[in-house]
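What follows is a single chain, given as structure tokens, in the form predicted alone.
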Amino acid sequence: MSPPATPRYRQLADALIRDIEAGKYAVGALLPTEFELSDRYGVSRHTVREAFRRLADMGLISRRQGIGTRVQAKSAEHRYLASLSTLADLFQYTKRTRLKVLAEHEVKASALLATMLRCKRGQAWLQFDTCRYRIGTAQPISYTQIYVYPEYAAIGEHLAKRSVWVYGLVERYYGERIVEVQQEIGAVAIEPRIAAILGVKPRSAGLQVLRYYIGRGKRLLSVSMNIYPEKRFTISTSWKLEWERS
């Protein structure tokens, strides 16, 4: 699978983030105007505004009408923004992060786990307990449990590699094709064991994201259960209306 092209607003946002982190734009300084950045990078002002919106969501900048766009922080390490509207977005998210495998074991689905995994009670799964990090940082973005069929065990030796896409491994080594991802998001109190791994207080607020990776013929190939601590991760989603042409 070849990586999809990165949207231009993200390329611009990444360039501005590098400049801020390198000190080109100090905390408290004003960034160039939309017009200046549009001219400098050869992009539309709409692209610049989208890049600014991304940096604002990350807490790096603030915007005030009549004043301009000011740098608020040098690093966005404590919050990660993921714009996940397509499978391509999800692929890009995994490219900018890394996994650390904490444990690997085979489990049989209890009644509770079977409900979460949408499977029959007693079905066998291979479970990987992992943490996901933004590349170059030591603070985990999330605690993630990945469930795949036991026959996919060989992917385990590849999980610790940089920028790995777990479900791309299933496609590459087992000939499967992911055609749909379903996502369920809800608030949770982070249980003590996971809180200790993430370095947060037990029962503190968190975001639980379940993702179901579905192949051809509606076959469920894998499930991931992701726990994100409060203020460390933001999911941004956008929808475009398709108007019927007369």
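The structure displayed is predicted, hence computed values, not measured ones. One rule holds for the numbers: they count along the sequence shown, beginning at 1. For clarity, a rigid core is taken as the largest C-alpha set superposing within 1.5 Å between two forms.
The form predicted in complex with the DNA exists for this protein as well; it is not shown, and the discussion that follows is about that form.
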*Which one of these stretches, 182-190, 214-222, 60-68, 201-209, sits within 4.5 Å of the DNA in the predicted complex when only heavy atoms are counted?*
60-68
*Heavy atom of Arg45 within 4.5 Å of the DNA in the predicted complex*: yes
*Is the gap between Arg40 and the DNA in the predicted complex 4.5 Å or less for some heavy atom pair?*
no
*Proximity of Tyr25 to the DNA in the predicted complex, heavy atoms at 4.5 Å*: no
*asked:* Check Arg49 for me: does it contact the DNA in the predicted complex (non-hydrogen atoms, 4.5 angstroms)?
replied: yes
*Using a 4.5 Å cut-off on heavy atoms, what residues in 194-233 are near the DNA in the predicted complex?*
none
*Once the core is aligned, please say if the CA of Ala13 is shifted by at least 2 angstroms between this form and the one not shown.*
yes
*Does Ala29 count as moved between this form and the one not shown, where moved means a C-alpha shift of 2 angstroms or more after fitting the rigid core?*
yes
*C-alpha of Gly68: shift of 2 angstroms or more between this form and the one not shown, rigid core aligned?*
yes
